[in-house]
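So this first bit is one chain, no partners, the form predicted on its own, shown in structure tokens.
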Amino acid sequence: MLKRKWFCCLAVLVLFGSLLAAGIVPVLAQQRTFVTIATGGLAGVYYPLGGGMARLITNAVDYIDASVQSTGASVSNVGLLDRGNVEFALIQNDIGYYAATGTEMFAGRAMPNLRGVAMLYPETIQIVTLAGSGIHSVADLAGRSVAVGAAGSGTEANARQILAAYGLTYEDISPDYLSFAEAASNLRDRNVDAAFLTAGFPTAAVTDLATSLDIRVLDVSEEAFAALTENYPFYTRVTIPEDTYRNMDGDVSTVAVMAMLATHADVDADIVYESTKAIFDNLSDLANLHSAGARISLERAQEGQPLELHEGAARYFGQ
């Protein structure tokens, strides 16, 4: 019995040596790596889009298992990245800029280890009211109850800045700090008169609201846009087509920031490279998983990038 075991061991060693001599190196199974993408609330765009990205990464990279985490969106997500709680996050580019530079809501607590991966699509500021509210302009929000986004969120920063472009502050309105889903529910119940939502359109919360009620999405005037970009140059002009939601009166001219995918300097470069490749090599599949994916392009993936590019992403984009 001992001779037989010795012979088997010797045979294995001889075979391994033969493979090495022939230049054939046996590949050991690579340890699986788990990565998390921080997204947003269930009623927004980040959560389903992040889910689509996670699916592409898991399917394309044999050693990565990617999943998503529902969060409070941009502001929460940069904190999760900075603490190393997640590997990737969907955020607004303005929030990324504030966090990296220690300004706005991050005054005095800069996060210099945040890194950029790619710019994705316009995050459109949608100011929604009911058709019978008597509100036809942002200026008409004076004296009204307005959902301005979750406290400290990217949406809340957008609401405050746009109101200021119209000469309004929170003292001129009754602000309610509500998430996307909460804002839509309170509009439906007429507990608020209008709501600010920052998300790619169509947004599920608005689509659901429009199925049962007539809504109005407010324009941002050229004068207000000029005032806004004087202080916040990362805003861009966006048109919401009239067929985006049921019974819209026409196209809506508003403003947007950019959604982006971010990571942390300490995340392994190969993981970032493979994940970026899985997403951008399969954009048509991502578009089939969520409509926002159709607005992501390789050509514009670094336009408006507010963060230092992660070395793994730089390798993929050839930078």
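These figures come from a predicted structure and were not determined experimentally. Quick note: we count residues from 1 along the sequence shown, nothing fancier.
One more form of this protein, predicted together with a small molecule, exists but is not displayed; see below.
- For A73, a non-hydrogen atom is located within 4.5 Å of the small molecule in the predicted complex, even though that partner is not displayed.
- The closest non-hydrogen atom of Q126 lies beyond 4.5 Å of the small molecule in the predicted complex.
- Looking at V45, you'd find a heavy atom of it within 4.5 angstroms of the small molecule in the predicted complex.
- With a 4.5 Å cutoff on heavy atoms, G293 does not count as touching the small molecule in the predicted complex; it lies far away.
- Although the partner is absent from the chain shown here, Q92, F180 and A199 each have a heavy atom within 4.5 Å of the small molecule in the predicted complex.
- Just one listed stretch, out of 107 to 115, 153 to 161, 206 to 214, 237 to 245, contacts the small molecule in the predicted complex at the 4.5 Å heavy atom level, and that stretch is 153 to 161.
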